[in-house]
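In structure tokens, the next block holds one chain alone, the form predicted on its own.
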Amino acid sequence: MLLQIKDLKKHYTYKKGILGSQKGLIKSLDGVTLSIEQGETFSVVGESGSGKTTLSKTILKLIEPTDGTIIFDGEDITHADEKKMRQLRTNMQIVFQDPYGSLDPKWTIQRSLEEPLRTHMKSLSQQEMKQRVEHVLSVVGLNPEHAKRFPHELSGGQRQRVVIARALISEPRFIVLDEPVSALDVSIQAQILNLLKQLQKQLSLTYLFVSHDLSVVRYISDRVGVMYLGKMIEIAKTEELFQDPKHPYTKALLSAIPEINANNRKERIVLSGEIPSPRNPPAGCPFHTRCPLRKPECSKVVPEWTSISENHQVACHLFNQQKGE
């Protein structure tokens, strides 16, 4: 097991009231537990505001967790200090959604790719760094001459390849991919996804893939976790989740996927209302305010995890009841 997250929480305080004299709590993450195997792609899906990006940044300790445990490669890094995390950065990297915003417009690609080496591999000579840059550019499908260019001189797909190269140059084992293709044209998306799969096989990489695009998730993932209002509510093998979703929220998400073949189309499940504010989350199951199958206990008791199969778990009172029966 490369990564284990146990009861991970990230809460923010804010001032409320007319004079701001009172304090409130925003539960961006509220007790997330999951594990990711070496070489696996684990995807996280959910609506905007569900906590997907907060989860990814907290795992990397780009933001500090409020509570819970983060274990990477058998080592508890929950309270690791800045010095320790700097050492771990070579093994833990991230690719952000916007490739242009991820690169300094005043730096050449050569300079941007050298920066991780200057930070983590200070013993390398200038010639060795140049060789590494040329090699990693070839790995992501770019030419050595791209190193001399500035970000504005590249296409969106080329910039994303550069950002992937920057993540790879320190030879990590684990990479967070936060909406890595959502800003790209559809044809370029396919190229980048194929590149990511190729790199994973070639370099034995492990991915945490964050996305709202369920078609992309289905293509690239081994397992999928569904988040709602800061909580993980269903985890399953990809095909099992898409073929037989259990949680009412997961069913609603999957029913929204466009389908060309009319025979494969599912009846669209339209949820009423909006996702509640994390400033004032509902009691009990976080989804009960919008759930068409809610029962009285859903508004009072937080559902426990229930195993549907060896690789499929759901947090829903419908299945807690079945388990009890």
Partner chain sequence: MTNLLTIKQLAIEFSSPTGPVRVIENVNLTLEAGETLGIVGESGSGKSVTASSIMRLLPKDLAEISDGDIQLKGQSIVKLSDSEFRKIRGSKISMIFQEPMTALNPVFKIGSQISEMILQHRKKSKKEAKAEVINLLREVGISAPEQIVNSYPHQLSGGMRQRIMIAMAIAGDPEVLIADEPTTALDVTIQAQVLELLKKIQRERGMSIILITHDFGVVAELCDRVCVMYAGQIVEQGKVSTIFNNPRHPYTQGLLKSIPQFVNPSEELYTIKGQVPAPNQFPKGCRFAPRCPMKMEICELEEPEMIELKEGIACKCHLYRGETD
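Treat the numbers as computed from the prediction; the structure is a model and nothing was measured. Numbering follows the first chain given and starts at 1.
Below: the form predicted in complex with the partner chain, not depicted.
**Prompt:** So, Ser48, Ser155 and Val186: all three within 4.5 Å of the partner chain in the predicted complex by heavy atoms, or not?
**Reply:** Every residue of the candidate spot has a heavy atom within 4.5 Å of the partner chain in the predicted complex.
**Message:** Just to confirm the contact call: exactly one of 116-124, 167-175, 73-81, 250-258 touches the partner chain in the predicted complex at a 4.5 Å heavy atom cutoff, so which is it?
**Reply:** Within 4.5 Å of the partner lies stretch 250-258.
**Partner-contacting position among Gln131, Ser215, Asn91, Ser138 - heavy atom within 4.5 Å of the partner chain in the predicted complex** = Looking at Gln131, Ser215, Asn91, Ser138 one by one, just Ser215 meets the 4.5 Å heavy-atom criterion.
**Prompt:** Should Cys291 be classed as touching the partner chain in the predicted complex when contacts are defined as heavy atoms within 4.5 Å?
**Reply:** Output for Cys291 is no: heavy atoms all beyond 4.5 Å of the partner chain.
**Request:** Please check if Glu64 has a heavy atom lying within 4.5 Å of any heavy atom of the partner chain in the predicted complex.
**Result:** Because no heavy atom of Glu64 falls inside 4.5 Å of the partner chain in the predicted complex, the answer is no.
**Prompt:** Leu193: heavy atom within 4.5 Å of the partner chain in the predicted complex?
**Reply:** Answer yes; at least one heavy atom of Leu193 falls within 4.5 Å of the partner chain in the predicted complex.
**Request:** Using a 4.5 Å heavy atom cut-off, state whether Arg111 contacts the partner chain in the predicted complex.
**Result:** Arg111: no contact with the partner chain in the predicted complex.
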